[in-house]
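Two separate entries follow, structure 1 and structure 2, each one form of the same protein chain as structure tokens.
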Structure 1
Amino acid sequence: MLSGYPEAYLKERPRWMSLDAVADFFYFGFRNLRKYLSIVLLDMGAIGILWLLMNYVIIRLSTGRIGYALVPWWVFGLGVVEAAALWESFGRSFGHRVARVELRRTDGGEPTATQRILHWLLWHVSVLPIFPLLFIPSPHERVSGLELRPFTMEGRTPKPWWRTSTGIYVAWLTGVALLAAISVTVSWEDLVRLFTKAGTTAKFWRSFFSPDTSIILKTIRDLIVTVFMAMTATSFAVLVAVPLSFLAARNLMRGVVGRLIYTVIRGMMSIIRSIEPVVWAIFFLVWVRVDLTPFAGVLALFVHSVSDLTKLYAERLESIDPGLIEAIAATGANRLQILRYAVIPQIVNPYISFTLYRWDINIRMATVVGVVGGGGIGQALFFYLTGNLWRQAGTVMLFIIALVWAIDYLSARLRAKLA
């Protein structure tokens, strides 16, 4: 010890004054802040959606107008915040379930009513200002003696879903969403006409069951074109989708470059798949020559099939047994040998099954594509319907029904043999 200096001056600085302590405070504080804010935002979003749907249903059914607000927006905001506070303090909220946590005492016991009330009251001064959440434990947890702990069912009897707060919420949301959907798509006039105007379709049904035999040969030719359209689109789609599926499988595309390729391909396939084949048919009708209308339909089905099959194939690749891959790799096999002996044998039958399923879809989709001028039986059906030629339209529909039933039966039998 240096002479002339008190001992206290030579001691180390307190822990809380060090740079490490400050760094730890902000690191763990921001983790705590992120955890709480994600839960709160999820709960507020869930409550806000339910409230808006309820308002919509009430306004729609009572006035026939479209509206979302029965109260001023500031009241709506306060109500959402208060409902989130109550839900998180007196139940296991939607955010709690997503985060897989629950509110418990610090000793692991069940919270008392007093502790829940304290937690709810102090939630407003701890969560809403946000910055108190940097402290661990947060002020409302410290005072109430409660904390968020990982949820476990050990030593408990599961409650029926209708006795949980989240179950009640989901039931309400489902019911209100169904009412909103009905109010948008169905009116009282529609229901009246449904039960009183059935006789207006008698002409159609008479024509449907009295086909025009003079167009049978032409209809069969159009039907063959439709089958060939689906076959061509599916066959070429498989040639493109199989290699793309290996690049779109998360378990095979590793590293920075691999994940970039995986993300780009999955994103592109999602965008292409979200556009309906009918829209693609219109696009290709503008692109290719008018007298090659079946080609436009084939291109539309091809593009949509590539995106769909790539997704199906890639998801099957992601679910293969990794044990077989590790066993083959342990023998010193290279990457191509692993693909040949460990990956391909696991995917051949599922790939064939998915291809047959997509061909089945393309048969039916080719009819719809033909309606906008994409060729095949759908184009003939559209021509007869627009010309009010009901007997001819009925003849075409009977052939379409027979074709779809036969292809569906054949596809199902083949997929069953591959299972």
Structure 2
Amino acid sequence: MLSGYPEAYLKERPRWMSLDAVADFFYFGFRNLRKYLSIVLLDMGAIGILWLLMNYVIIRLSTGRIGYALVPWWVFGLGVVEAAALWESFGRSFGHRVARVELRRTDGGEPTATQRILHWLLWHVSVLPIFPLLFIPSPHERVSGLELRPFTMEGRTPKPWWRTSTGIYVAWLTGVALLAAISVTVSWEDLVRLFTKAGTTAKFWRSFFSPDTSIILKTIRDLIVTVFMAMTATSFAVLVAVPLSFLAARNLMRGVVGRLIYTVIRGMMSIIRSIEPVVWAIFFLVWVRVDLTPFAGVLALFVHSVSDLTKLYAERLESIDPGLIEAIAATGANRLQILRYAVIPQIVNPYISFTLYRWDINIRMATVVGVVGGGGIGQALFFYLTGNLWRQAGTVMLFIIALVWAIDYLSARLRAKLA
């Protein structure tokens, strides 16, 4: 009857004004609220993005300028809200699909037109002020006799995607987004140049295939420095990331405090990770620059590796088999013993494998970090390129290709062994 309530709660209602009743009201109310709001926000977002992109393409193609607003902002806002209300009352909206629900009568039947209209009208009273959603069922559902039920294909034949509103929406959005993307990134002049000016790069290719043998020794030295940069950064990153990963694993961090630590660490890590190592390198160059030493580059790789490894390690921790933990706990083992005999055996090999993978990435990254002055072979490459020393640059690139290929191969082989 009333979805969302536990059976016991219906059978024996808590006395009104008891603390339990108030707690339950908010607990179930907020769950209800979250359910509706996530659907409504998804629908409004979906409609809003499509509308903005369409505006963009129309303005761009008709006038060549960049613009997003064919209508005033308040018309846009109201339109999005209204479109969401209509979509959710008269069809199965994008949000409904994501949440795997559909609008049905409380007895499970197909809604009638009257019910849908009632649902749509009262949607404005119920969903827009948000507060009424705390009640179960919410006012618009109570009056219209409709409710969101888990979607099931039982007893129905599937519709092809082009007959569903979400299918049409996604196809339309993809088309418009592609048009917009092309109009931003490609112009007619670019295309003409691409097909007529290939000859200008001939000098580059010629020098690439006539290496300068006199710089081979120096290049190899730079290459070794690059490998060392990656090794130093990876090793210290492991030391920091291993303990951090335990604090960033959802299944180990329970309770309010645990969840807080988990959220803070995960958040910090994703912020650090979203800044590219090159940017970190510039940051550290300003901070610790000591005359073109690779230290700044190492720091940049280290910081980025810590955040990446912490995430990889933590995800592995989250997927360990809880059965083994139970089994070891059942023998009377304490926390440390459980860690040693149930957790660590499950994570050692994946951890080594992730570390190798990261080391391999760090070698490639080290060449890029070097370009901004972070040391190693990247710095040499940058020096030759800016000095128009094409032959030397070509030589360095040949060495980088050989190194990256070799490390790639080596780490893939090692990781296959560990799996």
Partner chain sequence: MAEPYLVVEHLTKVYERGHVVALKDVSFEVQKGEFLVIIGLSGSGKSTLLRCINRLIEPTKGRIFIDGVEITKLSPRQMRKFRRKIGMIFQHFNLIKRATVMTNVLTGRLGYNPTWMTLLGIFPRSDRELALKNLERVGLLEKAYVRADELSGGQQQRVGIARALMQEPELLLADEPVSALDPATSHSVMQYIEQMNREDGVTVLASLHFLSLARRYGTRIIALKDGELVFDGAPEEIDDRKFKEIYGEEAEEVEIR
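Please read all numbers here as calculations on a predicted model, not as lab measurements. Rigid core: the largest C-alpha set superposing within 1.5 Å between the two forms. Each residue is numbered by where it sits in the sequence of structure 1, with counting from 1.
- Between the two chain copies, the one drawn from the form predicted together with its partner chain is structure 2.
- In the two-part rigid description of the change between structure 1 and structure 2, Met153 is assigned to a different part from Asn349.
- Domain rotation between structure 1 and structure 2, with the chain taken as two rigid parts and C-alpha atoms superposed, amounts to 22 degrees for the smaller part.
- In this core superposition, Leu134 moves its Cα by 8.5 Å between structure 1 and structure 2.
- Per-residue C-alpha deviation between structure 1 and structure 2, core superposed: Gly109, 4.1 Å.
- Superposing the rigid core and comparing between structure 1 and structure 2 gives a CA shift of 3.0 Å at Leu148.
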